[in-house]
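Quick setup: one chain, the form predicted alone, written in structure tokens, and binding and motion questions come after.
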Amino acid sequence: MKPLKRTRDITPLPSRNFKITVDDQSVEACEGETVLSVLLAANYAKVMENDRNVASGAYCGMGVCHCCQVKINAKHKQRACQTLVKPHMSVETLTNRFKEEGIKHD
């Protein structure tokens, strides 16, 4: 597994870090930051695929637009901007439950 590099941090991470997994790649995270901040620091622009298979990125960053929904620990549609990272967390971007279950929109 090749680790992701955080290239867009504004300030250095504090020393007490841990790892989470994003799309089967490990990346450093620190207590108190959101999943979205980790994704943005690791240069993710597209994070969500909606029920019509259209990719989008985070828009508001405060839980209102629901444009940053990702799969966290096998649970779909978790808002990355409202979820604090935890050690050993698994995050999957561009996932869609309908697509995985073969459900189609009209």
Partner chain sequence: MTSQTHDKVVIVGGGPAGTAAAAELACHGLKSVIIDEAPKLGGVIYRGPLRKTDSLPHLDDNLKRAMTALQTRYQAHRESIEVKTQTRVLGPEGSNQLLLSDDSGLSRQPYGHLILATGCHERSVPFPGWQLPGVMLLGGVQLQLKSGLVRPGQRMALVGTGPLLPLVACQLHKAGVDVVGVYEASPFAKLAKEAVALLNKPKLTLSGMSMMSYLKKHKIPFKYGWGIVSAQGEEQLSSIHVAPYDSQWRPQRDLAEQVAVDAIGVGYGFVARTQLAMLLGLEHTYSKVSGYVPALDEWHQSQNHSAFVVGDSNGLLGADAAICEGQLAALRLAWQCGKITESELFSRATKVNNKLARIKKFRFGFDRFSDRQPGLLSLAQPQTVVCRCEQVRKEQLDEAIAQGVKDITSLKMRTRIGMGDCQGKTCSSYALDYLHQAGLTENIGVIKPRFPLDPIPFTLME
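Residue numbers count along the first chain shown, from 1. This one's a predicted model, so the numbers in the text were calculated from it and none came from an experiment.
The same protein has a further form, the form predicted in complex with the partner chain, not shown here; the description that follows concerns it.
Looking at the partner chain in the predicted complex, residues D9, T34 and S56 each place a heavy atom within 4.5 Å of it. Using a 4.5 angstroms threshold between heavy atoms, P87 stays clear of the partner chain in the predicted complex. Proximity of K71 to the partner chain in the predicted complex: non-hydrogen atoms within 4.5 Å are absent; the residue sits far from the partner. When the partner chain is considered in the predicted complex, Q82 lines it closely, a heavy atom lying within 4.5 Å. Taking the partner from elsewhere, V27 is found to have every heavy atom lying beyond 4.5 Å of the partner chain in the predicted complex. Along 41-69, a non-hydrogen atom within 4.5 Å of the partner chain in the predicted complex is carried by A41, A45, K46, N50, R52, V54, A55, S56, G57, A58, Y59, C60, G61, M62, V64, C65, H66, C67, Q69, in order along the sequence.
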